[in-house]
Structure formats: C-alpha cells, structure tokens
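One chain comes next, on its own, written out as structure tokens in the form predicted alone.
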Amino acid sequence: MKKTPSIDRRQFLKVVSVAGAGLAIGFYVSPKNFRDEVAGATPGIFAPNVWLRIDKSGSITVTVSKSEMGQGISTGLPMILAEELEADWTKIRFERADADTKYGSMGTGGSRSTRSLWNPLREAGAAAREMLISAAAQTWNVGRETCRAEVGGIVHVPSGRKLAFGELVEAASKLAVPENVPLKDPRDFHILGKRMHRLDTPEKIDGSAMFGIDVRVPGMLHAVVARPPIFGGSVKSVNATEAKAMPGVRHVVEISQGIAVVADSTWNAIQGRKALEIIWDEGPNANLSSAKIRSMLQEFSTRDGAVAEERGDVSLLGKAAKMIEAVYELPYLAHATMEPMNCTADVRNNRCEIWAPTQSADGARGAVAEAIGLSQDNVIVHVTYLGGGFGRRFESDFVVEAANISKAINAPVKVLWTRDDDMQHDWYRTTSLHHLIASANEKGELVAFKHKIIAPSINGQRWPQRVRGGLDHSAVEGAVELEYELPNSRIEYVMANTAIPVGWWRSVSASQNVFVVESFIDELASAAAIDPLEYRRQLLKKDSRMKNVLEIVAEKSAWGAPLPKGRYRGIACAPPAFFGSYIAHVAEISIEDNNVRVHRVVSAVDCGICVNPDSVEAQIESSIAFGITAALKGVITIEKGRVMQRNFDDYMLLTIDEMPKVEVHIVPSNLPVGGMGEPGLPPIAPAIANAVFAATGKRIRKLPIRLA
C-alpha cells in the first residue's frame, strides 16, 4: 500500500488554489480522531474544510460545510472567519458546500458546528489577514509592522494610506501561507458578539431560498412510496393494475423500502398509491404494543445495569434516616419537522446527482453509493435548506429511496413523504423507564443516590459493537457528569431494545435524562424542606459556572417574590457535558381545567464566547417551543406493530397562541465557545413539571403531563 505523506501542525494551513482574479485559502481541519493523511492522498480521509475567496471587487465568499436548518449557521460561521480577517461585514456572502471529502465531517448535529469549526475558521481568517498585510507592505515597500488590517482593507498607519482587500488579491495570492498566525484577543472582537442580521434572510423573504421540497430539474417525475405499516413487515403481494391506469402514473416499481408509484405530479402519485392492492407480510411484530413495551421495560428494571458512573459507597443508600424513591416514564416521540422528508435524485449513465435537505451530506453520499453500487466519486450531493432537522435528517433513508427509484426508472425523480408517511416511518426518540432512589440524613442532607435508566439504544440497534459491557454511553447523557456533587452515587443503564427504530432527536438522551434528574432533585429538595433553588446551590461547587447561571436566572425571574394569583414557578438546569453550554430555566405556569399553560420562561445561558446573540436567543426560544410540545403534548403510541398517530390532529404541536414569553439572559464570557442548538431543550420539561408540583402538590413522573 502506498504510504501517504503526513501533515503536522506547521503544515496545517496551506495555499491549495490560486485562481486568476482571486485569492483562495483552504485549511485542514482536524477530525476528532486526527489522521495523518493529506488531501487527495486517500479519498474520504483528509482535506480542506472551509474556503475563503476574495475577488477583485472585494467580495468575500465563505463556503459553509454545515447544513442550514434555521439555526443561523450560514451567518455564524462567516462571522468567525470575518472577525479574524478584519473584513467589512457588508462584503461577506456565503455559499453552501456540496458533499466532498475535503470538508471532513459535514454532519450537522450535537450542537457542534460552531465548536468544531471555531479554531479552523479563526486560523483561516487570520492567515488571510496576515497575507494581505504582507501584500500591502510589499506594494508600498514599507515594513509590515507599520500596517494593519481594518474593515476590509489594509492601512499604512504612519501615512494613512489604505488598500482594499480586492486590490491586493493578486499580490497576496503569490505569498506562502504563514505559520502559527496570531489570533485576536476576544476583548478586541468587533463582529463576534454583535447582533448580526442573517445572511440568508433576504432569499427567505423573497422566496428564492431553495429548500429540498422546492427543487425542480428538467424531466423530473414525482414519487411516493407505500411502506409496510408494521415495523419489520414486508410486501407479500401487490396488484398494481388499477394504480398504473390512474391519470399521470408512469411507473410502479418495487424497491427495498416498499412499492414506489411514480407520476407526473405528487398528487397523481398519491392517488396511484391509494389504488395499489397490497397484502403485507406483517412479520414478527404484528402484536407489538405500547403496553407490551412498557411491561418489558418494567421487567428489565429488575436487572442489574451496566455501571455508567460510580462515586463513593452506594451501599449507604439503605443506612440513612430517610429514603426517597421514584419511577419516571417517557414515551417515544416523532421529530415532526415542518418540511416532511423529500429528496430529488437523478441516476443515469453511471452517475448520481442528489438534491437533499440533509444533516449529513457525506453520510448521504456514502449511503447512496453503497445502495446503488457506485463509487462516491460518482455521487454528487447538493445540500438545500432544511425545513427543520432535529436529528431526523441525519438519517439517509429518504435519500436512498430517491436514488433507488431514479435508478429503476432511469429518470430524475423527486420522492416526497406525506405527513402520514413522516409520522409513521420515523426514527423515533426512545421510550425510557427510570428508577431512582436516594437517602438523606436527619438534616435532609443527601447521603446516597442511584439512578437506573432502562431504554432502547440507538447504538445497540445499529452498531452493537459500540455497546460494550451492556453500556451505551449516549443513552446516559444528561444523567452522568452532572455539575451536582452527589455523594455515594451510581448511574446504571439497562439496554432494552425493541423493533421500533430509534434515532437522534433534539438533545437526544439529555431530553429524557435531564427531565428525570431535575425533577428528582426537586423531590429531594421537598423532602428536605429546602427551597429548590437553594437545594441546587448547596449541591454545586462555589466556583461552578452552573451556580452563576442559576443565580442569574433566579434574579431575572424574581425567584421567591410573590406571583399573581394562580401563577406558579418551577426551576431546572442542564449539565454542559455534551453541549458545552450551561443553562437554566424558570417556567411560570397556570392551570385551568386540568390544562397547564406556560406563560413565561426566563432563561440564563453561559455559552462561552457568544458568536451572535440573535442566534443564541432564537435557539433557546425554539428549544423551549420544541420542549414544551414534548412536555405537554408529545406521545407516539404503538398498537399491532403500527404507529397510531398520523398527522398534527393526533400528534399536536405547540401553537403560536400557546407560546410563552421568553426572556434570554446571556452571561458575558471569554471562555471556549459552547453549542446552542440543543441545550435549551432539556431543562424546560422539568421546569414545567416542578411548577406543576408547586401549583398542585402532585409530582409529574410521566410525560406528557396529564393532570386529569
């Protein structure tokens, strides 16, 4: 095997393209597991991640390799680069990257986009800045120490002369990329931390923004798929005679996912699908139900779990003065993105072109290549805007469907999922059961704590080799590495897989585990007759960033002050371990006719260096809306191996008139940047549940909240 040359820190930045009228700079990004191969040596290994282009007009283009699904990454990432470049923000534009190994991982999730590209983008911007300074110094024949970058140009400080970036691109293109470039002190930032209007807003206002569902290509047909309604089912027989006779229907083809009906419009394809006569082989799960799954979880709760975390002596649980025990339950949930799954594919002449609203362009590319027998070099994936992702669009099932159908009919085709399709063929958030037990001494002080999590495993369903000793580390996120100093504690996990496909759902396991932990912490506070806020303070270290966040949210919400009659408060926070940000919510609720109404949510967040306050606030607001839906409404139920919910009439979402007032307080910080796409979600359900206890004295241990 040919040995690939290595790349060290000194080679991190390099010029990889110089194109006539412009300056182009690329940089290598180190994946989590750094691999010492250079770009082009081995496909899919290592390549430039994000590109900066400056043309002679001074226009600056940043290619964004992460998917835009409303979180503002198409503005946030350019802001990072522009800050170090000392760019004129009005000259910044972005373009979206197609799937390519040179970008490293293009997956957009885990609240990692900004964190993963923070240093590479800064270094790329700084390298360009230094090259432009050198180019200007050479042009003027002056010392480069007398020059500085400033608002899209280079200034010669003694004389006041200035050259715009566009005037320097040819000279800068001839220079080597400097090593170990200096980065700005955060105190000198003038773009980062400011409220910047999103670069993608104009096209979303004028309608030119291209979502997956908007894609049109010449000769394109439209398809829908009849999928087995039972998990694990398959096609036993099909009569497509009537379907083929329906207006506009061109093809009926069987693919691995089911029966595809292809027509000249989506409507005609749907009508053709209705005319299919299919007998399904219901397989082994025809009698599966939510009740049976719940019974299985209860049975598994008697088993010893794999130890995820242990501190001290848990045998002290039974030796204290007071024992507190609780069982919590959470249901399966759907993603319910506003834009249902869709993809356009054109597979012809040993080549595949894809247009997809995907969170994983490189993952989709690999899945399609494997499914239709092409090399990845022959698969092109164009990433469109996403009408919501929440983890659902990390899956590539809808992309593979489109490729399979296009290959079968030898024509471009758009596959569209109806809302019913989307609801009943999701990769659901897992259900879970939690057994907690704690003991306290006569003073109410915590002595020991145990939390057993019984739940299906995403990794266990897909990659069993990742589950070692029965432990799926992703299943215990939000329950381990807590900021609380819990003495003599143990966290256990029991894997309880079912036939229901499970996947990543916004904040993944933290969406469940934080609800359980923060609700139980309130139970312990009540048992100790201590205010819930004060109880949390006592469990946190004095220098804890979480403690500071709690104190800010308490102050801003006027915690402890009287509320109007009929209003009640609850508090909760979330550990930063997975997302890197510290956050706490106070929810203010009322109850009328056994219905909970959330009126106000006060949130405090320490996300380290804040890139764009507008985006931080929007992410927290959207997380709260998503989390309230899950807390008050969301549930997927199974009967006879099928999902019972079909649309928004029986899987209801929070409506605009139910949205509470949200107040976000961002803690000033120069600490490392944290993620913001997901951390706002986990604390909202326990904050609401704890407020319900304040109102009624009833503990909420099962979601969604039902008081009647």
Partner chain sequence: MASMTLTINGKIHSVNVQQGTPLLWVLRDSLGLTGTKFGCGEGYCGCCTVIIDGDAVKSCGASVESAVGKKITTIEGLSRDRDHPVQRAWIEEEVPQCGYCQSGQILTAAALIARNPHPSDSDIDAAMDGVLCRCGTYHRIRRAIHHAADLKAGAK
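Everything numeric in this text was worked out from a predicted model, so none of it was measured. Numbering follows the first chain given and starts at 1.
Quick note: we don't show the form predicted together with the partner chain, though the next part is all about it.
Using a 4.5 angstroms limit between non-hydrogen atoms, Asn647 touches the partner chain in the model of the complex. Residue contact check for Ala334: one or more of its heavy atoms lie within 4.5 Å of the partner chain in the model of the complex. Interface membership of Leu671, defined by any non-hydrogen atom within 4.5 Å of the partner chain in the model of the complex, is ruled out. Although the partner is absent from this view, Glu339 contacts the partner chain in the model of the complex, with a non-hydrogen atom inside 4.5 angstroms. Checked against the partner chain in the model of the complex, the candidates Arg490, His222, Arg115, His435 yield a single residue with a heavy atom inside 4.5 Å, and that residue is His222. In summary, among the residues Asp397, Glu621, Glu130, Glu123, the only one with a non-hydrogen atom within 4.5 Å of the partner chain in the model of the complex is Glu621. In plain terms, the part of the chain that comes close to the partner chain in the model of the complex, with a heavy atom within 4.5 Å, is 191-199 out of 172-180, 549-557, 102-110, 191-199. Residues are counted as partner-facing when one of their heavy atoms sits within 4.5 Å of the partner chain in the model of the complex; in 379-399 these are Leu386, Gly387, Gly388, Phe390, in sequence order.
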